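This document opens with one chain alone, in C-alpha cells, the form predicted alone.
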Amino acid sequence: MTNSNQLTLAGRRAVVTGGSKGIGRSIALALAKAGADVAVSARNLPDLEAVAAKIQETGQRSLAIACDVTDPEQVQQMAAAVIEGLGEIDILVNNAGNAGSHKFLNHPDDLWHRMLSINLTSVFYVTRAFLPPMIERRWGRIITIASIASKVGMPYIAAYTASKHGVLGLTRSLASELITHQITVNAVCPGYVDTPMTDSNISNIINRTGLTEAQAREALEKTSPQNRLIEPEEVAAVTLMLAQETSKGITGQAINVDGGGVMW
C-alpha cells in the first residue's frame, strides 16, 4: 500500500507565481508537503513571507520574492533570485492571474490590456525565464492554472475569456515543442473557486445587480452541477499529480476541476 505521506517530489524544486493566497498558496503548500523546495512569488511580500514560513514548517526550503509578473525585467530578476537561492527549477506553476468583467459594448481598453497582460503575457515571460535549465536537464513540469473560460465563452468576460483561451493555446503549442526535451506542459481549468478573487466577483455581482451576498454566492455555486464552489485544495491536488514523475505521459492537456460544469 502506498503511503499517502510519501515524499514523492523529494529533491525537486518548484516556483509558484501568485503564491501568496488562494489557489497559489494551496499549491505551494501541497508541493512542499510532497517534498519539494518551493519559491513563491506575488506582489504582496508580507503575505508571501507568511506562506514561505508555512512551507519551512514542513522542513522544506522556501523563498518569498515580490514580483510583478507583467514586467519582464522583474521576472528575470525573480528567476535569477530563485535559481540563486534554491537552484534550477524542476516545476513551474504559472498561477498568477486576475479577473474583470464588463459588457463588450464600450468595453474599456485598459481592462482588455490588463487581462491579457496578467493572464497570458505573464505566462510567456515566466515560462521563458525558467525554461532553459529544464531543457538542459531534459526534465520539467510546466503547469498553468487556467480556467473553464479557456474552453467556453460566457457573457461580460470577453477580455478574461480571450486571455484564458490564449493560455490554453500557449500550453498546447509549448507541449508540442518541448515534448522531445522530456518536459510536460499542462493546464488546470477550475470553475469558480472559494478564494479571495471569487469574493471580489461576488462583490461585483452585488454592486451590479443588487443581490445579497448569499444570493450572489449561490448564483456562482449554481454554475456547477454540484452546486458548490471548488476548494483551492482540489486544484492543488491536480497540480500535484501533474508534477509527478509518474505523470510523464500527460502533456498538452487541460484538466477541468469544475464539478462537471464543462464536460469536454
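A residue's number is simply how far along the shown sequence it sits, counting from 1. Only a predicted model underlies this, so the values are computations on that prediction, with no experimental measurement involved.
The same protein also exists as the form predicted together with a small molecule; that form is not shown, yet it is the one meant from here on.
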Exactly one residue in Met197, Ile206, Ala50, Ala219 has a non-hydrogen atom within 4.5 Å of the small molecule in the model of the complex; which is it? Met197
Could you confirm whether Cys67 comes within 4.5 Å of the small molecule in the model of the complex, counting heavy atoms only? yes
Is Arg43 one of the residues lying within 4.5 Å of the small molecule in the model of the complex, judged by heavy atom distances? yes
Consider Arg13 of the chain shown here, and say whether it contacts the small molecule in the model of the complex, taking contact as heavy atoms within 4.5 Å. no
How about Ile118: is it within 4.5 Å of the small molecule in the model of the complex, going by heavy atoms? yes
Residues in which of 197 to 205, 29 to 37, 55 to 63, 210 to 218 have heavy atoms within 4.5 Å of the small molecule in the model of the complex? 197 to 205
